[in-house]
Ligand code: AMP
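In structure tokens, the next block holds one chain alone, the form predicted alone.
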Amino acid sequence: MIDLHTHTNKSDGTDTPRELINKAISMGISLLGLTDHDTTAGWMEAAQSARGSISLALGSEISCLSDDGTSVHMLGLLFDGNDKEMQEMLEAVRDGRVPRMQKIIAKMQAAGFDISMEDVEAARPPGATLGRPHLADALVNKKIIKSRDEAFQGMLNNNSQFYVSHAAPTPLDAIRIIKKAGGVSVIAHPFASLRGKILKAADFAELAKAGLNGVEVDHRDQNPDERGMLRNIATELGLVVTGASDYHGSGKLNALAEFQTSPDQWEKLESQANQRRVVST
């Protein structure tokens, strides 16, 4: 089993990297992609926890904004974690998350909700990349909503009155920097309409021309028709087709390895990195 998109408590998941690896091993997963939001902070612990037959594709899910303001998430895998430009990009995105959160909270307070930055910080694990899921957890703790899923279907949806955009690289910039760092890029859940504004089919040609390597087709936030459209787009553009869980632990319903990538598609994707960086034991 190959699952290329997972999160730990180094961003907005609930498992430590070690706990995630242990779960993956117990399930018989052969290759796991660790892709915390805008950070590589979990890489070392994950690599130290790997054992037996599991291998790791280390990476990050990079928060991007297109020129028209569409939120895009780009998975970077197998890049050099010491690449200076890559780490500068990730740090810049992380730095922009605090003022963004403050603006969202201010909007909620203006609407009469009893929520504060202190509440969010209390819900964020130490060292984790700040994100809206931590705000969702704070809203749950204050009994304003019942779950993270409810939050992202309503108050924290990209079309919500409380949405605030963030400083971020364009998808083209992210692809360029990932490629320069020797890695491969896969656009995550690009047709997940429940999250808000999505890309158009015509947008993929430009991304492919810039060096996009793959498309995350099989994901729970994309219905069968959307998956079919994405599979056709990937085939037409010669892009790798991936499937993944987008696992976040107990924070979301997504089950580890509920969607997977086929071995032949993984081999095609890995071959496009500038060197073999899979962590094996």
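Numbering starts at 1 and runs along the sequence shown. Bear in mind the structure is a predicted one, so any value in this text is a computation, not a measurement.
If you look for the form predicted together with this ligand, you will not find it shown, but the lines that follow are about it.
Residue contact with this ligand in the model of the complex: residue 248 places a heavy atom within 4.5 Å of it. Not displayed here, this ligand is kept clear of residue 204 by more than 4.5 Å at the level of heavy atoms in the model of the complex. Not displayed here, this ligand is kept clear of residue 227 by more than 4.5 Å at the level of heavy atoms in the model of the complex. In the model of the complex, this ligand lies within 4.5 Å of some heavy atom of residue 133. Think of it this way: in the model of the complex, this ligand has a heavy atom of just one of 95, 85, 173, 149 within 4.5 Å, and the residue is 149. Contact with this ligand in the model of the complex, defined as a heavy atom within 4.5 Å, is made by all three of 37, 100 and 252. Contact with this ligand in the model of the complex, judged as any non-hydrogen atom within 4.5 angstroms, is confined among 176 to 184, 207 to 215, 124 to 132, 75 to 83 to 124 to 132. Within 4.5 angstroms of this ligand in the model of the complex, the stretch 8 to 27 places a non-hydrogen atom from 12 alone.
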